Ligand SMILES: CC(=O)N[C@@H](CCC[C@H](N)C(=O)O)C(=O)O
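Given as structure tokens, the chain that follows is alone and in the form predicted alone.
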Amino acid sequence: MSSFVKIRRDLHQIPELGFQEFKTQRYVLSYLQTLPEARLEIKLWETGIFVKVKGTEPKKIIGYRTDIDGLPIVEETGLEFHSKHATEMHACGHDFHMSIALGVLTHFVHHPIKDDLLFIFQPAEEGPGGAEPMLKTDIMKEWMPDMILALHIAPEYPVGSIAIREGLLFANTSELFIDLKGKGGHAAYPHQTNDMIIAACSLVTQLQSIISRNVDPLDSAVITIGKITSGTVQNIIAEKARLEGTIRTLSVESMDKVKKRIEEIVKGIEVGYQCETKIDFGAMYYQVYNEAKLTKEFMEFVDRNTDVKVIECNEAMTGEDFGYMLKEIPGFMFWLGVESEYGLHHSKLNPNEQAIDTAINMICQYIEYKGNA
């Protein structure tokens, strides 16, 4: 077992939610303290970490970002190194992401290149979002990269492959929370109430009409309501209902249009069901848009100089707040094949650990090429 597979297993056991990654931060800092200090500068922000690896003749800064948070999921993998936290799991591969980042960082501490490297250990990718506030820090302004890259594991692709495309890779995303308040009462007297379960069910159906009737068929968008909370017992008509969901679009313009239609439909529910309503769009993530020149160069480099297979993929409705960094800094993100039977955010996700060393070796070769140019 490689040392970075062990690190992945250690991190897998301590998943933490956004801005609560205290054990994770301590673990990463403890590992960094085992490395020679001469080439390292370390600065903390919230539960995140900035690590600068000094180059020998720096002319630019190459950035590498990894996310560090877990998800509120009960793990069902049965692994010996399963999560020690009963209700939290690294079900999106951020334990993989961190171990790969530490592998690349370690290599360049011991084998310096000309340019400086900035490794960003970012909290709260799963929510409420750490990329945008990290960009605004004085640390980032001081160490602003000239280019940046990141990866995300992909259960559907085999180990030894990556998937990437120029331009749009991941969608614009927004959370969606809608609260309805009417008048509850006894189940035997429905005429004296305003039933919010009926209002909520009607609203869910109407929201789907936005995609089928307000979005260009040649465009793509998704509205998913993943959770409805309402009622207390079987013989009381519900006074309140709460819908929780997500919006995904392939363009900023479509996101604006979808949100506007949601607001209009909810106003109609308010009138039609004689209730009060409140909409909260929560956290929004900007699209992941890969800069064409750097992405093409990366694809050609990997294809020409490594054994890793490069797959040109389609865009996905996945959300990733790395999009905020790519909005400000030229760069790209790619999918890393890890061939798991179960997908992202699944309680049985079990990525193939062979992908860790594959990714470290490939990324080190590419960064050495870029950092000595």
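All values reported here derive from a predicted model rather than from experimental measurement. Residue numbers here begin at 1 and follow the sequence given.
Missing here is the form predicted in complex with the ligand; even so, the following discussion is about that form.
The stretch in contact with the ligand in the model of the complex, judged by heavy atoms within 4.5 Å, is 318-326, chosen from 304-312, 48-56, 318-326, 25-33. Proximity of Arg39, Phe108 and Ile148 to the ligand in the model of the complex is absent: no residue of the three has a non-hydrogen atom within 4.5 angstroms.
Using a 4.5 angstroms threshold between heavy atoms, Asp115 stays clear of the ligand in the model of the complex. The closest non-hydrogen atom of Ser251 lies beyond 4.5 Å of the ligand in the model of the complex.
The shortest heavy atom separation between Thr173 and the ligand in the model of the complex is within 4.5 Å. Taking non-hydrogen atoms only, Tyr285 approaches the ligand to within 4.5 angstroms in the model of the complex.
Glu126 is the sole member of Glu270, Glu126, Glu166, Glu239 with a non-hydrogen atom within 4.5 Å of the ligand in the model of the complex.
Of the residues Ser230, Ser83, Gln206, Thr246, just one reaches the ligand in the model of the complex with a heavy atom at 4.5 Å or closer; this is Thr246. Shown without its partner, the chain has His152 as the single residue in segment 143-171 with a non-hydrogen atom within 4.5 angstroms of the ligand in the model of the complex.
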